[in-house]
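Only one chain comes next, encoded as structure tokens, the form predicted on its own.
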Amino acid sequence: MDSSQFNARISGFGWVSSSGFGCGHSSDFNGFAAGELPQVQRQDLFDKPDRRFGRMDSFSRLGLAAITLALRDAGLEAWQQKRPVALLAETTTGCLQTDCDYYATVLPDQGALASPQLFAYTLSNTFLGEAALRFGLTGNCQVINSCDATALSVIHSALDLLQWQESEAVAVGFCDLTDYGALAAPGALFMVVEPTEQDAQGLILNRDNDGQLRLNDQPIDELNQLLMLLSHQYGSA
């Protein structure tokens, strides 16, 4: 991986946790903790009726909600022409529960009653495709199941796409229905990152020549440090 000096700005931030959901610049963010996730409804995100949202499994709703809030926070929700914006997500358990639910419909009657609705959500990247269609995004869409203990691989991948000019922005984040994922709690968090100059204002994510990440000059060696800095930034928003 080319880890030469690079700077990006976090222009948007969306999250769903056991304490609620919101956009970074308009809602308090207190990190992630054990507990039951809120039941995100269509009217919480979109004004118009939406049958596709109603058919989604819980994992896809969770991820789509956080992406929507992040894009809204970054001013990228509304669109008229397609944009080269990428979507990257890390998950540990993904849509495993949906896979199990679907398989339960396959077993009886030699699969005659297999659910086509559940089948549509038996891939962990389905919600990224849904987000791309909704918001006119044409960049790379990828879900990463990472063994990186620091949970920063997906952040580096997002910076690579920007540095190599493969995308003009990346919505990158984490999504899990269980506490086994990088967030160590059920929830989803997505950030919109865009290339910027070193002396830019706002939340500046920097990667130096040695691959060290920093947020506003504060070193980041694992995801928990990034969450703490974001919580400090947005906790009094």
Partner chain sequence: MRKVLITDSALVTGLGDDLTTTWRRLLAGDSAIRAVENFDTGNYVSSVAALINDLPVTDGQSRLYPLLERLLSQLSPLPPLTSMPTRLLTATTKGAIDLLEQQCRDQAEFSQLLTTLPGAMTQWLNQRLALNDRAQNINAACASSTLAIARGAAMIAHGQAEVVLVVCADLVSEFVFSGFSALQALSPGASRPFDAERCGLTLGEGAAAVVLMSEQAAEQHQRPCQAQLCGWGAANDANHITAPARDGCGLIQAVNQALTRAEIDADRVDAISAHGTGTVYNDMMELTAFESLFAGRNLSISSVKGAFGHTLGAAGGIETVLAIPTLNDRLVPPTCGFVTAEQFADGQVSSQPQPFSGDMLLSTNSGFGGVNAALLIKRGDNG
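Residue numbers count along the first chain shown, from 1. Note that this is a predicted model, so its numbers are computed, not measured.
Keep in mind the form predicted together with its partner chain is missing from the figure; the text below concerns it.
- Each of Tyr102, Val143 and Thr178 is positioned with at least one heavy atom within 4.5 Å of its partner chain in the predicted bound form.
- Using a 4.5 angstroms limit between non-hydrogen atoms, Leu76 is distant from its partner chain in the predicted bound form.
- Among heavy atoms of Leu137, some come within 4.5 Å of its partner chain in the predicted bound form.
- Its partner chain in the predicted bound form comes within 4.5 Å of no heavy atom belonging to Leu162.
- Residue contact check for Leu71: none of its heavy atoms lie within 4.5 Å of its partner chain in the predicted bound form.
- Taking a 4.5 Å heavy atom cutoff to its partner chain in the predicted bound form, the one contacting residue in 30-68 is Arg52.
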